[in-house]
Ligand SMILES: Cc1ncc(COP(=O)(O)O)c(C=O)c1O
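Shown next as structure tokens: one chain only, the form predicted alone.
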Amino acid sequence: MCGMQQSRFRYRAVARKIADHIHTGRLAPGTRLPSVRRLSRQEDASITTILHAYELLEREGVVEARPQSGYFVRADPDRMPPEPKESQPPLRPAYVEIADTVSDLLKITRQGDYVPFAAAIPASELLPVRQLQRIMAAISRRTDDAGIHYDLPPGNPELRSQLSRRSIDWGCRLGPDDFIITTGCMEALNLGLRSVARPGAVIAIESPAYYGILMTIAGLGMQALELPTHPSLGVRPADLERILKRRKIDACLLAPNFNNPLGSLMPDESKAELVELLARHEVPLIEDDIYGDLHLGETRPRTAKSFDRKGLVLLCSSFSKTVAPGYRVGYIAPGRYFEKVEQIKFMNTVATNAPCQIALAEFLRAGQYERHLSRMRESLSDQIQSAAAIIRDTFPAGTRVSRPQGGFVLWVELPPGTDSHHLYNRALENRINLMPGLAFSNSDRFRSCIRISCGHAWNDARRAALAKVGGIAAELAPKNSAGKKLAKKKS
């Protein structure tokens, strides 16, 4: 009986010790806790004791168990800042005029001596570098001329075959001959736009939208029409329907799965409604699904393409965010526009890097991609939640933060009147690089917002850098907005 009592007190003691670390901030939300066996060794306690401790913390809502992943510190939604407000852009098309501004901002990202919060690029330690190196070496040994010749459009047959198999996970049943391999997702989007619209055309996009999309629209001489966008649900089909009744739209370019920078996820029923709505109006949808495989939930969401019955959805993605940014291998499933896209692809770049196509085909064929994704998603989830906790604790009152359901960026809405471009310049003085909100709209409506990339693992230097950004933001926030809220909080 005495031994049983000691065991009961022991697991409670272990649980309290972990809870203390969480409440004092030493274990941030999203942090993965030690495995049961590892903690058993650390605490010199039985596996049963550790299991009971974790189960107690789970019942108390302090930690959560994730299937096949372990136990994680649970985020406290009541303590997190609210989400950004739904955007309300001016509902009129305009030629994009921010290309020069964005080009200037991107020059800094090429310098390696800044803390990298600006570019949405995953860190090398998250990528399967060694596996790809081994595959490349094996390809070189296997044949003398592997990858030497052009792999003309539509591209490597084995890679297209592997994409066909993966399309089942997207809710589609696409064949190898439905795909064209491209030089990254940006070329896929570019080809899609050029195949469905001409200079002067009106392209409906999310707001905020990825600056690369805005620059592409600018480069093609087209106009952007920014749509109201919910921070969690993306574009609402009902809003788009009201606009279609009033004005002509030549094409839509949307990211239903995890818009960059919001990380929003359009519900499946809304995707179906969107595709049906656009089909009635014969408006093509260019679907940007580059973050689709980086879902943070249990299952991969369906693509809008999976609801397409008329060939009007042009599905675009790449392996740049998941496997190898430098390989520049993407793809497009352009539906009824296949021949047009294939023709423009040849005129644009002739072909896509052949050795990289072969390597990715082998990586997928060997079944390594899904295992890699599982580990990567787990790391990104931790990094996003840790960043959100730092923002909660160090940014001025009145700050709002997105709740991304996929990808690895956070959209931060600072108190009204805070100039994020001024914040950007102050951050650069401290060797910290971030992306100000003016890059994500043609209407200058997001001047008080910033985007933070969480593609790198957290260390003391990065935590301190993000906290420094929060401190600068607090200095820049108008005292009549954030200051009053802070005073109320303290009183």
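A quick note: this is a predicted structure, and the numbers were derived from the prediction, not measured. The numbering used is simple: start at 1 and walk along the sequence shown.
Absent from the display: the form predicted in complex with this ligand. The rest refers to it.
Although the partner is absent here, residue 222 lies well away from this ligand in the model of the complex, with no heavy atom inside 4.5 Å.
Although the partner is absent from this view, residue 230 stays clear of this ligand in the model of the complex, with no non-hydrogen atom inside 4.5 angstroms.
For residue 321, a non-hydrogen atom is located within 4.5 Å of this ligand in the model of the complex, even though that partner is not displayed. For residue 291, a non-hydrogen atom is located within 4.5 Å of this ligand in the model of the complex, even though that partner is not displayed. 328 is the sole member of 310, 328, 166, 372 with a non-hydrogen atom within 4.5 Å of this ligand in the model of the complex. The partner is absent here, but in the model of the complex a heavy atom of 185, alone among 105, 185, 203, 390, sits within 4.5 Å of this ligand. None of 185-193, 148-156, 357-365, 82-90 except one has non-hydrogen atoms within 4.5 angstroms of this ligand in the model of the complex; the exception is 185-193.
Although this ligand is not shown here, in the model of the complex the stretch 197-221 places heavy atoms of just one residue, 210, within 4.5 Å of it.
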